[in-house]
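First, one chain by itself: the form predicted on its own, in structure tokens.
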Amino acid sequence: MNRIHLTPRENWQQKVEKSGLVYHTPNGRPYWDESVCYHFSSREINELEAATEEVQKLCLAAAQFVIDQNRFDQFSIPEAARPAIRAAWEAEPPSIYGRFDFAYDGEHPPKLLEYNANTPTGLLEASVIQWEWRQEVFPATDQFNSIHDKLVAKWTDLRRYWRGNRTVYFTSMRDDEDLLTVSYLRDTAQLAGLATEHLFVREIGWNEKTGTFRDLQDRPIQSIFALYPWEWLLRDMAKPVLSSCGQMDWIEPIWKMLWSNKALLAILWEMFPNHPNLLASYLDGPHGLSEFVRKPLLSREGANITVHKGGSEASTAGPYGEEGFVFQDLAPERSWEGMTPVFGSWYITDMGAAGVGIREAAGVTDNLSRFVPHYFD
């Protein structure tokens, strides 16, 4: 694994914008960065792919364990949501994707940092943008990237599952990155032959008389992909959302609350101690770890992270922490010129490991960390 300096393509801004990546330089700071890239061997790609498949299996076992052992309290999941989680887990409603974040140095096995299983972003750049970059810059090589094809295949399966004409709604907040993600997912659903509509979260209506969610034309919503965290849905409209579970398809389903919560990391370590793809993780303190990271159970974009390393600590700001924390061992890391990569490995439900996107930062990875492309041969 090598980090290589390159000269960016001429007019690269127009090229990525043409494919939909309009926030490549937010507030004047590079987000998409093709002045560097990562070069892998096929062995290293195989190792990342195998780790993704393996950890997915571990997470399936962990979710069943939490449900069977009634461990919801450790996830700070409201009591009212638990029957819906149990029911959805048994019914297996539609699910599309998730993103594992791994630390990897090319020498040790990939180590799971967290699972973004509910509202993962960085999808368009991992799927389309870096693929087009590789085709132009390194056409004779390959890339760990079948994300687009597997997304279309997954939506095609769901079209058969729904057995007929059904409009799938896509919703998000008015955030550029979120809107881009749902717009791209909507495109893949349309390529699979599904009818689609977009609504912002605040545009979703609730009809109390019929007990159904409605669109702006007062049509009932049967299926909706919501790039909006489940804990926020329950905070904003718990009663109608919970009553709708089982009556309409929420994608991702409510049981994803078990995977998008960092308490999952401690459950995995409890069930599979010393697994080569896991880091020691605990809910009640660092358990003698000399260097560790304290993470809120529900934080996003690197918020409220405290890193204990070399006898000192450094923290990031944010609104999270009241829900509790997980304490995770520091992963073996490798940095280049002070930049440490995090490997976001995508898993498409029933389709398997699909590809990797790389974010790198000088410290904790956050929403300003740069996305850099990769290739292998």
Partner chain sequence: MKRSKAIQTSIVASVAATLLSCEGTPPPTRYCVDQQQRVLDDRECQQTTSGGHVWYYGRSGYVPTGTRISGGSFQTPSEGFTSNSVSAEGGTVRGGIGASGEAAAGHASGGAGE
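Bear in mind the structure is a predicted one, so any value in this text is a computation, not a measurement. Positions refer to the first chain, counted from 1.
FYI, the form predicted together with the partner chain isn't displayed, but the following is about it.
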One residue of 113, 192, 124, 77 in contact with the partner chain, assessed in the model of the complex (non-hydrogen atom, 4.5 angstroms): 124
Just one of 223, 277, 143, 95 has a heavy atom within 4.5 Å of the partner chain in the model of the complex. Which one? 143
If you check in the model of the complex, is residue 117 within 4.5 Å of the partner chain, heavy atoms only? yes
Going by a heavy atom distance of 4.5 Å, is residue 265 a contact of the partner chain in the model of the complex? no
Mark residue 25 yes when one of its heavy atoms lies within 4.5 Å of a heavy atom of the partner chain in the model of the complex, and no otherwise. no
Does residue 258 make contact with the partner chain in the model of the complex, using a 4.5 Å heavy atom cut-off? no
Per-stretch contact check against the partner chain in the model of the complex, the hit in 200-208, 268-276, 281-289, 160-168 (non-hydrogen atom, 4.5 angstroms): 200-208
Thinking of 148, 218 and 320 as one candidate spot, does the partner chain come within 4.5 Å of a heavy atom in every one of them in the model of the complex? yes
Within 177-191, which residues come within 4.5 Å of the partner chain in the model of the complex, counting heavy atoms only? 178, 179, 180, 183, 184, 186, 187, 190, 191
